[in-house]
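There is one chain below, alone, in structure tokens, taken in the form predicted alone.
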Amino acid sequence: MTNYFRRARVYVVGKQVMPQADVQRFLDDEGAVWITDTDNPAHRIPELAGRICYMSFGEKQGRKENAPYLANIIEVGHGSVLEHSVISLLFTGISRSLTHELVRHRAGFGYSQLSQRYVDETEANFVVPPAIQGDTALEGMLKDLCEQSLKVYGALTDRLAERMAAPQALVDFAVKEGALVEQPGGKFFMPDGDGGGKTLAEWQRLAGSDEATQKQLKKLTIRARRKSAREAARAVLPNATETKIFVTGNARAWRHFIEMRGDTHAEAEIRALACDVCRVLQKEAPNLFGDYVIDRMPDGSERTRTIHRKV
């Protein structure tokens, strides 16, 4: 059954650790004392990084609480130390349209997204854009299009898979995937040596007449043929197709994302995501993201804002 998502799902899937033994070894080597009041690595790491810049330990350590220390860092715009704190989030229930914008955020981010070349999308889900949500007629139009695109996708995949199993195509895929290896003299061999050396024309004739050879070539090329069929058929899937993406970003990069995509001028779906990301990160690292406010707009949507922009 096709699902239609109306809001992204955000999962915290990766956090940093701070090896206390090595931190203490550094402090001992320097004859330094560091006093802080937090055990949260997301807070401790940028504080240590900032203190390294001025060696503000022991008698030179002014603020002994993490929250005011990081608040000062954010206020003066010393954002480079925030780049040492890294959090990984997993987004699902988002559209390909959204990820086209998301991956434009390059500095400080890493991405791993669901592949439409390898994953069968015959049972794909979709995302209803915020502007369409609640309008029965418009939602019906969108769903009709999405359902039709799945039918065309399935038909294209089946027809392409059938065409790619023809004798000539099987041999072409076998060569491309290294299942048939060319040797001097224009002869092609299977890597295990079975079948002996043959020209491509001979392999094509054998693939069309010998059931065992055809079966073996199909087995050797099945992944490549499936991928090729899906990569062509995906052309008919709309931008509303749901996807999943694993995103790792440092705190400074996440702040930039929240500011840019949580702004009122941002596209509605990614703006909602930015607000949700803000909530998640405020819970994970309130001393790094606590200055953000999430406002509800007259139309019911949300936006983010802070007085400390572009840290």
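Computed from a predicted structure; not experimentally measured. Position 1 is the first residue in the sequence shown; the rest follow in order.
Omitted from view is the form predicted in complex with a small molecule, to which the following refers.
Trainee: So which stretch, 276-284, 241-249, 65-73, 257-265, is the one near the small molecule in the model of the complex (non-hydrogen atoms, 4.5 Å)?
Mentor: That would be 257-265.
Trainee: Quick check on R205: any heavy atom within 4.5 Å of the small molecule in the model of the complex?
Mentor: Outside the cut-off, so no.
Trainee: Residue-level question: is A107 within 4.5 Å of the small molecule in the model of the complex, judged on heavy atoms?
Mentor: Within the cut-off, so yes.
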